[in-house]
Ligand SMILES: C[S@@+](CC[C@H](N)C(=O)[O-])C[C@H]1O[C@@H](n2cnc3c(N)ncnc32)[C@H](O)[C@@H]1O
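The chain below stands alone and is given in structure tokens; this is the form predicted on its own.
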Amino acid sequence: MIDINEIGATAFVIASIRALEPEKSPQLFNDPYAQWFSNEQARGAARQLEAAFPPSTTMVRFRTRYFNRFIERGIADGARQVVLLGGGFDMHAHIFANPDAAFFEVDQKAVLEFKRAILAEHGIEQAPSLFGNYLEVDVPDGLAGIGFDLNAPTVMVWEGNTMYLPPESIMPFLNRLAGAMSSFRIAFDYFSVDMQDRDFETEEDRVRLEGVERAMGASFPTGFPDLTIFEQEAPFKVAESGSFAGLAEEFGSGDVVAGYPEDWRETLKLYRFCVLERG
């Protein structure tokens, strides 16, 4: 059984990668808060991650840009609530603050208490938050207790989580959400390979992803080689999917990905995004 607490440790590494974005060209996003959650140990892990597989940090940047867009489009299309699931030190609630959309966060108590303390030092208030392991607590009921409307149009961001979770926990969790909420879209990133059985097409793919695991200090037991499982075992429709590398041209970074060796580009096809729609 994988401990969901691993996710909290990775939050510092992701914040460190985001904090370096102003040095990149083209700059894909602006997160002025990320530096508050970076430290030397996490920056070292970020460097190790890039050494293990150089495109890894680029994919984190693409991922950040993608989820930013998901939130922006969701609010523009009428979502009145945004839920950040296991977001670590994600600052979407402040970057995209909007009078027409309420933000809520769900994460482990230690992560959110640390985040709240850092924000308080800078005179910023934390978004309404549900403390707890979302695989164990009643997320819809807990959110309703802090002002969430179970019937309002909602988008949920589940960024950087699924690959760390016990595979048997995914469908029960999603079905609990679907059973309580009438209309929402949930976006997540994932590996399109059976990570539990390590069923890779090439040995190079396995070596690269296991190098990323070592750099992150966490294991990846879960992947989804076939997204129809979400339509067969839960009441969702796959509304959108694709690879992060496939967004390179749209993000103005086509030359970056095109410059990678062909075998690297093939490995990158394993890292993807998906949006599920309920209602």
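All residue numbers are counted from 1 along the displayed sequence. Here the structure is a predicted model, which means the values were calculated and not measured.
There is also a form predicted in complex with the named molecule; it is not shown, and the following applies to it.
Per the 4.5 Å heavy atom criterion, the named molecule in the predicted complex is contacted by stretch 132-140, the sole one of 119-127, 132-140, 178-186, 198-206.
For the marked spot (Glu213, Gly223 and Leu270), a heavy atom within 4.5 Å of the named molecule in the predicted complex is absent from each of the three residues. Taking a 4.5 Å heavy atom cutoff to the named molecule in the predicted complex, the contact residue among Val193, Leu165, Ala79, Leu174 is Leu165. Although the partner is absent here, Arg63 is a contact residue: one of its heavy atoms lies within 4.5 angstroms of the named molecule in the predicted complex. Contact between Ala11 and the named molecule in the predicted complex is found at the 4.5 Å heavy atom cutoff. Within 4.5 Å of some heavy atom of the named molecule in the predicted complex lies at least one heavy atom of Gln108. The named molecule in the predicted complex is not approached by Gly74, whose heavy atoms all lie more than 4.5 angstroms from it.
Counting a residue when any of its non-hydrogen atoms is within 4.5 Å of the named molecule in the predicted complex, there are no hits in 244-279.
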